[in-house]
Ligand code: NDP
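Only one chain is shown below, in structure tokens, and it's the form predicted on its own.
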């Protein structure tokens, strides 16, 4: 995917015409209701909110004490607790609403589910657990197995609480402890807590009229019903759909992965599209064990992580180990900026070079549609008219081919979306499509309030709620420490590296930071560790000195990257990362930890 085209042979692009098209496509999709257009799994869908994968096991409520409790059993909880165990802190407990570890990879078992970032850098703790990825882009069962492998390797199952949700989490200043209450009657204490309730665990449905009136079968992709479709998460054919008319609503990353399987299996497949995804080459392939044995020398995964970030997010690297769509766009941008004479590398001209590279890349992605999809009208409707990072980029080798299947039909709504659901089908642009099954590929809540997604309002010192502390926007140091909430640590990308292309890298570094901070507190006899207000304010001021958000700006087509095209309010200006970029942040935080001073934190 390297950009080997010289400036002399690049096709001319009418940039103003392209910008006009982008604006027109955005405007037709703007909706006043923003995130309010979605609803949760309630009503007739309430039973899908229950875990369909693991039976609930009865247990007695916990009333004990642990050194560290973590909310969430996905990557964030696993890597943080693994780092704690490595640091000799083994009295850890993960509280998880699902029936096992995995987070998003516990819930997402739809056919074709796999990571969009290369396995070598996406799957955490590969070197520590001794696992060799089987493919460049691992499928969901392997990623779930890696989560379980981490749990076993670090002994995290012993004290975990599954099928358990936090109802209250409050700081007891007199005892210097966190009091943890759950929906299973637990009330235990923890010296330290971590919070990793990421954005991909509260499933959402489109708030369509009639959605509960459909007489056929329906489900959300994160609660895939293999009893109805046949098949399994490992790729067995969906053999029960051979005589079924199936509708799938949504064409984001999930649909891109499962549509090929549905198109091959169903008698008829209707793909309802409001906005097409950009779908670039994935080029998945098995990983050669002999090749892996040669490169997997000590420290290999950290080298790959650093290399990917350096190529993709603000660093410099002479080689590209991963070579994927993420690094391809970055290489193009660096090449364009590098072509500018030093005296012309002004912010305006550098932005223009960035834009030129993106225009060129998106023209190639649109041309790819024409080269694959046989029907000309369908091909035109599958083309994405926006900058590549306006929505989550997709990479797939079979999605576009699926529309060449005789039973597959794209129902493009020209940005309007589905109108309503009836007892027998789906209505779009005034036409009803009768179907036996409706599958909702509508994703998860991203732009909602942290407290809404978490299900509780963290209560810190003097009764301070996190909703109050963040009433004007998120305020932290490193995206981890929050003033007024001693011994509490957040594990997520924002206000740290903010590396969206590979979120696990953010999480593993945060986990390492937390383990070193807690180890220092225990070694020095400190009962509390808390960021000072001055250090937090200084960090926020530093964040605001940067260029701001580089993805999902207001001129982008609506989606979860830009709050569905609505003004997110002044608080969103704080949803940024380290001004110098992700690579610089990872180097900074490594030096901050290694100094042993933990500047900005108070231990008492």
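Everything numeric in this text was worked out from a predicted model, so none of it was measured. Positions refer to the first chain, counted from 1.
The form predicted in complex with the named molecule exists for this protein as well; it is not shown, and the discussion that follows is about that form.
Student: Using heavy atoms only and a 4.5 Å cut-off, determine which of 251, 119, 218, 508 is in contact with the named molecule in the model of the complex.
Tutor: Exactly one residue meets the criterion: 251.
Student: Find the only residue in 441, 310, 156, 166 having a heavy atom within 4.5 Å of the named molecule in the model of the complex.
Tutor: The residue in contact is 441.
Student: To test your reading of this chain, name the stretch in 254 to 262, 172 to 180, 330 to 338, 298 to 306 whose heavy atoms come within 4.5 Å of the named molecule in the model of the complex.
Tutor: Looking at the partner contacts, the answer comes out as 254 to 262.
Student: Given that the partner is absent here, does residue 490 sit within 4.5 Å of the named molecule in the model of the complex, heavy atoms only?
Tutor: No.
Student: Classify residue 106 as contacting or not contacting the named molecule in the model of the complex by the rule of any non-hydrogen atom within 4.5 angstroms, answering yes or no.
Tutor: Result no; residue 106 lies far from the named molecule in the model of the complex.
Student: Although the named molecule is absent from this view, report whether residue 274 comes within 4.5 Å of it in the model of the complex, heavy atoms only.
Tutor: Residue 274: yes, in contact with the named molecule in the model of the complex.
Student: Going by a heavy atom distance of 4.5 Å, is residue 68 a contact of the named molecule in the model of the complex?
Tutor: Result no; residue 68 lies far from the named molecule in the model of the complex.
Student: Going through 407 to 431 from first to last, which residues have a non-hydrogen atom within 4.5 Å of the named molecule in the model of the complex?
Tutor: In sequence order, 417, 418 come within 4.5 Å of the partner.
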